[in-house]
Each structure stands twice: as C-alpha cells, then as structure tokens.
Ligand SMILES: Nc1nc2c(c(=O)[nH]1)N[C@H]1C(S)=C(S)[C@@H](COP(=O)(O)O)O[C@H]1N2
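Consider the single chain below, provided in structure tokens and representing the form predicted on its own.
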Amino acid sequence: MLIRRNLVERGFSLGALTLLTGCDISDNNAVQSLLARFSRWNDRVQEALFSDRRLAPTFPESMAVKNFRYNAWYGPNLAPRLQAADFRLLLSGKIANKKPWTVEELYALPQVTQITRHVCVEGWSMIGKWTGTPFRTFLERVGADTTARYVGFECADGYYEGIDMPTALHPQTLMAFKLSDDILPYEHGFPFKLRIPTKLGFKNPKFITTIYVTDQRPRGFWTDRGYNWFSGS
C-alpha cells in the first residue's frame, strides 16, 4: 500500500491543523513546521515498511496501454531531445568505475521486461510495459558501494531526485530503455528513465545524465516543494 503525502496535500485541512495545534492558521511558520514533522514521520513509516521481498503488482500485457500519458511540469514540446551519439551518462560519488556510459553500452546490458502500474501523486495511474536493465545489475557492474545509503540523479531538464539504496537494489527497480517494446520516446526520457513501481511517479526520474552514490540524502525536485521524500510502499 502506498502511503502518500496526503497529510500535506489532501488528508489534513488547515482547519484540522488548527484543532491539532491550537494555533492560528495565519501562523504560517507553525503550520509549516507541523506539516514538516508529519512528512518526516510519514517517511520513517514508509521506510520501515519497505522490503525488497515485497513486490509491486504485475499485470498481463493486455492491460498495458500503448499511448502512455505524458507528465511533466512543462509541455511535451519542451522535453529535452538528447541525441544518442552525444549522450554520456556520468557517474560520481561512491562508485569504483566512473567511466561515462554511451547509449550503445547501456543498451547492451542484460534486459528484462515488467508490466507495472505508474501511480501519479496527482491522482491518476496507468499500466505500462517497460523493458530495461535492473538497476541493481548496473550498480554492481560499475562497482557502486551498495552499503552507501542513497543514490542520486541529475537530469537534462533540470530535474533532480534521490532514492534510498534498498529501493535502488529492489528487484523491480529498472533502468527503462523501452516502453511498449519501442525505444523510449523523447518525451518519456530517452535514452532511459528510472522505473520504480514501488514509488510514486515523481520519484521516477527521466532524462538522467548523472548518477551518484552517497551517504548524504539527495535533494528531490518536488521534495523541495513540499512532497514526501520517501514516497513509496
């Protein structure tokens, strides 16, 4: 079960917060402080419930949509159009082999397919067929320190995100190179996106240009704007 940040966005009204805190809702600092405490509590609960043995549901191929919904804070015409010939995936942090990766090298990695549901914090969901390399396989290939706490991502569109290492190593966390058997379209993150069916959609970065491994919790684009950091099952 996904534990969402409804405490921030949907679950609690400002009136309810007033009853809980005894403070005036015009006291914005007090309200924001309470919301932040709930968010941190939510993160701790979700992290405690997480298990690499607990899998997200999978579905028959007949349920996978062919025209997957576009989603970003900008229109599809503004999505980066990264070119395979020029693309290099950069690696940094606690990784032994920091050699940049080309698209050709990424696509030569062993690949699997999963049919899972993408759940958006906006309230919609969609089932897609994704093909790519288990992220664990890639991390092991480059000599990432899997005892480190986090993996962070920087993206060509200015997005940035981070996940905990157990999520990075989860068997369903995928470097997705294909959607519905076709090379990932530009608007969905070509040459690859991170597909994490155990997380809400905004934790699935696309247009990734840098991956780093660290013990310092990475920032998140929407976390910096009030969303839960963990945001998963």
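Note that residue numbering begins at 1 and tracks the sequence as displayed. Keep in mind the model is a prediction, meaning the values are calculated, not measured.
Omitted here: the form predicted in complex with this ligand. The next part is about that form.
- Cys120 is the sole member of Val142, Ile127, Leu106, Cys120 with a non-hydrogen atom lying within 4.5 angstroms of this ligand in the model of the complex.
- Between this ligand and the residues Leu90, Ala72, Ala148, Ala84, the one pair within 4.5 Å by heavy atoms in the model of the complex involves Ala72.
- The chain is drawn here without this ligand; in the model of the complex, the stretch among 134-142, 94-102, 108-116, 73-81 whose residues come within 4.5 Å of it by any heavy atom is 73-81.
- In the model of the complex, no heavy atom of Asp164 sits within 4.5 Å of this ligand.
- Put simply, Pro197 is far from this ligand in the model of the complex: not one heavy atom of it is within 4.5 Å.
- Proximity of Phe207 to this ligand in the model of the complex: non-hydrogen atoms within 4.5 Å are present.
- The closest non-hydrogen atom of Phe177 lies beyond 4.5 Å of this ligand in the model of the complex.
- Shown here without this ligand, the chain has Glu187, His188, Lys193, Gly201, Phe202, Asn204, Pro205, Lys206 in 186-206 lying with a heavy atom within 4.5 Å of that partner in the model of the complex.
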